[in-house]
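Presented as structure tokens, the chain that follows is alone, the form predicted alone.
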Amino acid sequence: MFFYIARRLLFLPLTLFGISLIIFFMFMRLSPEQRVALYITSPERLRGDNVERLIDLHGLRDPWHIQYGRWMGNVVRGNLGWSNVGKEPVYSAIMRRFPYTLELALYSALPIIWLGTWLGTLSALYHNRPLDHTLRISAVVGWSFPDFVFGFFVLMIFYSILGWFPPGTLGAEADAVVKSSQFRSFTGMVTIDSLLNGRLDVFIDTARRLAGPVLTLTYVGFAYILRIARSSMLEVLGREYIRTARSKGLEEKVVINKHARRNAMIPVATVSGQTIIALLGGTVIVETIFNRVGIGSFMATAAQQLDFASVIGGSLFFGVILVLGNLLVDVSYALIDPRVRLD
């Protein structure tokens, strides 16, 4: 296990280096006047004749390898430039919004993976029976539903009609509490911080506003995992060692949980890892529909307003999340299937 993880960790710097090169050559297509925003910490520095001085200062007409080294030095120090959208440095804008996206991702990933795996296993065990047909139809409907359409349905039913799940990240009163000096931020995720601060009213307000986007992401997302879990489970249940286990007189619960389910989980782990990575990358449409503060809505606004520093900084941030997420998926393979450790 140790050597398996060590091999994966050795490739981590090379992968990150490749991602940084791709992003660097993308923004090298911009003019020096556009790229200078990646090196400033305040928009006042771009006034008057400062642009040309900054271009010369940061060597934005130097050979590409010199510029790459200088840019990577800034990245390592956390200097990603100035965000016109956030009205603050890019690094601060990303770090301030990421906890909101992380909060939404955590509350969505758990039901997506749990429901998809559990219902997919049930569907396989009741193959071609009414329960299987019902779950398959639900999965097809969920997989075919665009998230923005289902999100509008959730808003229409649960907010416009029932008034249960309002949009936004925080209400006016809860927002004032969170921004006050008495409220301490431990994780940046308001649901957790509100409980740690003993503010149940803030927790309830935040949970009500999280329910809509979580419901949308869960229904649209669990369907794919259900289909993968069902197909993988059906394949495993048809193998020889499952028939042998049953012929030995083992209880069906033992056959399913110990022999079948674990061997069927590798494809599910792959899809679950990709789902979590996608959620952490920011759900642009869902965050926009429900008017939530997060990485997805921030990046969408930055792209619309041609905020190059924010787009490039966000792309680098997503790249790191993707690499680390895939590393965790690889480690989960070894935990699920011991044969992977020996490859």
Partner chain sequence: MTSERRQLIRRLFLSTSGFLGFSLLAFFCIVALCAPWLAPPPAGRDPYLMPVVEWSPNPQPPSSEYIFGVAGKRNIYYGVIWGTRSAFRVGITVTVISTMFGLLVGAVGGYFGKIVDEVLMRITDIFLAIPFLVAAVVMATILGPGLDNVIRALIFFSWMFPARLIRGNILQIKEEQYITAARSVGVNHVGIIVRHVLPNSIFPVLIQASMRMGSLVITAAALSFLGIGARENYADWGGLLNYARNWMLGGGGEVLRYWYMVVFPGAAMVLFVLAWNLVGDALRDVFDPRLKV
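Keep in mind the model is a prediction, meaning the values are calculated, not measured. So that the term is clear: the rigid core is the largest set of C-alpha atoms that superpose within 1.5 Å between two forms. Numbering follows the first chain given and starts at 1.
As for the form predicted together with the partner chain, it is not shown, yet the points below apply to it.
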Using a 4.5 Å heavy atom cut-off, state whether Tyr68 contacts the partner chain in the model of the complex.
no
Could you confirm whether Lys258 comes within 4.5 Å of the partner chain in the model of the complex, counting heavy atoms only?
no
Taking heavy atoms only, is Val329 within 4.5 angstroms of the partner chain in the model of the complex?
no
Looking at the partner-bound form in the model of the complex, is Ser160 within 4.5 Å of the partner chain by any heavy atom?
yes
Each of Gly78, Thr187 and Met189 having a non-hydrogen atom within 4.5 Å of the partner chain in the model of the complex: is that the case here?
no
Looking at Trp143, Phe183, Tyr126, Tyr91 here, can you tell me which has any non-hydrogen atom within 4.5 angstroms of the partner chain in the model of the complex?
Trp143
With the partner chain taken in the model of the complex, which residues across 147-163 come within 4.5 angstroms through any non-hydrogen atom?
Phe148, Val149, Phe152, Phe153, Leu155, Met156, Ser160, Ile161
Large Cα shift (2 Å or above) at Gly238 between this form and the one not shown, core-fitted
yes
Superposing on the rigid core, does the Cα of Gln34 end up 2 Å or more away between this form and the one not shown?
yes
Sense of the change in Cα distance from Gln34 to Gly313 in the model of the complex - at least 3 Å versus the shown form
farther
Against the displayed form, Gly319 vs Leu12 by Cα, in the model of the complex, with 3 angstroms or more change: pair is closer
